[in-house]
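In structure tokens, one chain follows: the form predicted alone.
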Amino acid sequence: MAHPDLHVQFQGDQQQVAIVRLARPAKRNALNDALVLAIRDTFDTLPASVRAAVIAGDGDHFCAGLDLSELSERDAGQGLMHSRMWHAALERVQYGPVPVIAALHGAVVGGGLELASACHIRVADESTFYALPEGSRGIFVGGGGAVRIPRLIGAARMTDMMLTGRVYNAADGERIGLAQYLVPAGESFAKALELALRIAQNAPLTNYALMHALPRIAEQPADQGFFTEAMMAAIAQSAPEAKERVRDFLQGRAAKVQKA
């Protein structure tokens, strides 16, 4: 179901890139339950033509986290189920049908950082700042941040952010791994879209393997990881599109890698 605070449009040849925009600028794009569920539903129902997606935020900020004005008192069981709802929604971003690039600017705070960490590539501009203020508010991350963020920056850095309220600026955030790209202010969406259009040209099965197999391989013991890699390599190279691309390269019809 469409949500007034989540705008979706399509770009590129055959509408191959979905642009998903958080559209609550007056609230710094803070997330409420309805918006989280709308994100889930969007990735569950992407058209078959879509091969990559960009998540961005309207206004001055990507996402300032959980909308605390809508935070209700819950008992332990209700709190558990609420957190699991967020987990299910953001899993559709991380383990959905297409790679997702986050275009970051301004606040990437709390639940906003949890959303960004569920994406596969993060592009920050120089206005970006990162924080996890849950520790100072007497709560704990509940949208998957305790799993995803330490895998980006390590448990010690996340512990520091939550214990002390430390805020990382854009440059330091890229240095520690919160973003893979850092661009001038105002340019994160353009860079994210450029990457998405490039990614959309990849063989879909290769993209799927990178999204679904690679993170699982990283968590496996080495012997299991090697076996999973071999299985995925065999499946990917057997796809007709992969065979055609290899033939193009061998016959000189594909571009060779050049020095950047």
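Just so it is clear, the model here is predicted, and its values are computed rather than measured. Each residue number is its position in the shown sequence, starting from 1.
In what follows, reference is made to the form predicted in complex with a small molecule, a form of this protein that is not presented.
In the model of the complex, the small molecule sits within 4.5 Å of a heavy atom belonging to residue 134. Although the partner is absent here, residue 181 sits far enough away that none of its heavy atoms falls within 4.5 Å of the small molecule in the model of the complex.
Put simply, residue 110 is close to the small molecule in the model of the complex: some heavy atom of it is within 4.5 Å. The small molecule in the model of the complex is approached by residue 61, whose closest heavy atom lies within 4.5 angstroms of it. For the options 80, 139, 167, 163, the one in contact with the small molecule in the model of the complex, meaning a heavy atom within 4.5 Å, is 139.
For the candidate set 66, 39, 52, 55, a heavy atom within 4.5 Å of the small molecule in the model of the complex is found for exactly one residue, namely 66.
Residues within 4.5 angstroms of the small molecule in the model of the complex, judged by any non-hydrogen atom, belong to 139-147 and to none of the other stretches in 152-160, 91-99, 139-147, 119-127.
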